[in-house]
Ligand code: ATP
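Before any questions on binding or motion, here is one chain by itself as structure tokens, the form predicted on its own.
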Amino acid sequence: MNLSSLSFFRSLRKDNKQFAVIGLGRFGRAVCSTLHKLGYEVLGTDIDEKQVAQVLTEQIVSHALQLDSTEPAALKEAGIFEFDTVIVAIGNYLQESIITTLNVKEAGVPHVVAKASSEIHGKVLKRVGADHVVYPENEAGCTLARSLTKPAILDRFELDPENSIVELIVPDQFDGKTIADLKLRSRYGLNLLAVSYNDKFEINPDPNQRLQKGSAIVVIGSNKDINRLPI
């Protein structure tokens, strides 16, 4: 997460309970489903009537409409411009994605998130006003590559290009040792944030706690230091 992303998320209203999602492909449906499960009102739209019918059948939106998002009048009539946050989930149709992003931003929507299929696509979306651009395919590919080369790392949150928070399986060399024995800070330059057992995390664990093979730990530090762990 870079500083521009941090600034964007800080600007989001905490009391925002409504979101509009334009484009109901796999990515758009996943966004709708997650927001709906979290208790938010979601309006989904797509130019394809079948996609609209599908999200209504799956009951992952509060409302859904079939419309052409490249037409400002259609967006206005649907009330899209009244939303605080709009997600443009059109990724594979560049022209439609760019025009839609331009339409909602020019209409004054405060927070516009847009899906990009390439770096150039993302740059254009930024130029026409997108406040935050996501690259789901690229992120999924990076995650897969990391999991294949470092299978002990269960999850990773990148603070910036050089530093991360990672959850990893306790290495064999750490089995039975206390947290104090490991001396993670002096040996590896890392700080231990949590230990997990049976899918539950213990934050700031006791230094005398012994680690067990098969459990997981969460550490924070530079990627260079994380890669020095015996995993």
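Because the structure is predicted, anything quoted here is derived from the model rather than measured. One rule holds for the numbers: they count along the sequence shown, beginning at 1.
Just so it is clear, the following notes concern the form predicted together with the named molecule, a form of the same protein that is not shown.
In the predicted complex, do Ile47, Asp68 and Lys115 all put a heavy atom within 4.5 Å of the named molecule?
-> Answer is yes for this spot.
From the candidate stretches 105-113, 145-153, 122-130, 69-77, select the single one in contact with the named molecule in the predicted complex, where contact means a heavy atom within 4.5 Å.
-> Of the stretches listed, the one contacting the partner is 69-77.
Does Ala89 reach the named molecule in the predicted complex, with heavy atoms at most 4.5 Å apart?
-> Answer yes; at least one heavy atom of Ala89 falls within 4.5 Å of the named molecule in the predicted complex.
In the predicted complex, Lys183 touching the named molecule (heavy atom, 4.5 Å) | Lys183: no, not in contact with the named molecule in the predicted complex.
Wondering, does Gly23 line up within 4.5 Å of the named molecule in the predicted complex on heavy atoms?
-> Result yes; Gly23 sits at the interface with the named molecule in the predicted complex.
Should Tyr93 be counted as a contact of the named molecule in the predicted complex, where contact means heavy atoms within 4.5 Å?
-> Yes, Tyr93 lies within 4.5 Å of the named molecule in the predicted complex.
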